[in-house]
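First, one chain by itself: the form predicted on its own, in structure tokens.
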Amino acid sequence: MMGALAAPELDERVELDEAASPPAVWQTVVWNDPVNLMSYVARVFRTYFGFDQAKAERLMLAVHEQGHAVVAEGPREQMEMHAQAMHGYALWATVRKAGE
């Protein structure tokens, strides 16, 4: 028998790849506007997102009093779909990376 080939030694150290960090969280933000009634905004939040009355009103008041509210968080594509849906209800909405 000819010489047996030795298996290469495996380096069992694991290096963390910074690029392999968890995916970023994105937000759908609804902005205040001079057109829509507060009751309408709360109804859109209940209808589209399925929020209960209390949460829908809390978010609507944030939009009215603070100028905007984060209404959803998740993957970018989903947040873009939510923003487009808000545009369909004639609400001003944008998408941003969480923490910005």
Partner chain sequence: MSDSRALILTITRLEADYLADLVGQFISLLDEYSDERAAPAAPSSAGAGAIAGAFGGAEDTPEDPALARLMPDAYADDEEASAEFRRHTENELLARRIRDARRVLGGLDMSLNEPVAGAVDASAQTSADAQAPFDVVLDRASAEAWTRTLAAVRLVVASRLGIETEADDEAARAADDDGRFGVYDWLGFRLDGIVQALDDADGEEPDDPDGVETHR
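Residue numbers count along the first chain shown, from 1. Just so it is clear, the structure is predicted and the values come from calculations on it, not from any experiment.
Separately, the form predicted together with its partner chain exists; it is not shown, and the next lines address it.
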My question is simply whether Asp52 lines the interface with its partner chain in the model of the complex - judged by any non-hydrogen atom within 4.5 Å.
no
Leu37: touches its partner chain in the model of the complex, heavy atom cutoff 4.5 angstroms
yes
Is Glu73 close enough to its partner chain in the model of the complex to count, meaning some heavy atom within 4.5 Å?
no
Touches its partner chain in the model of the complex: Trp26 (any heavy atom, 4.5 Å):
yes
Residue by residue through 70-98, which ones have a non-hydrogen atom no more than 4.5 angstroms from its partner chain in the model of the complex?
Arg76, Glu80, Ala83, Gln84, His87, Gly88, Tyr89, Ala90, Leu91, Trp92, Ala93, Thr94, Val95
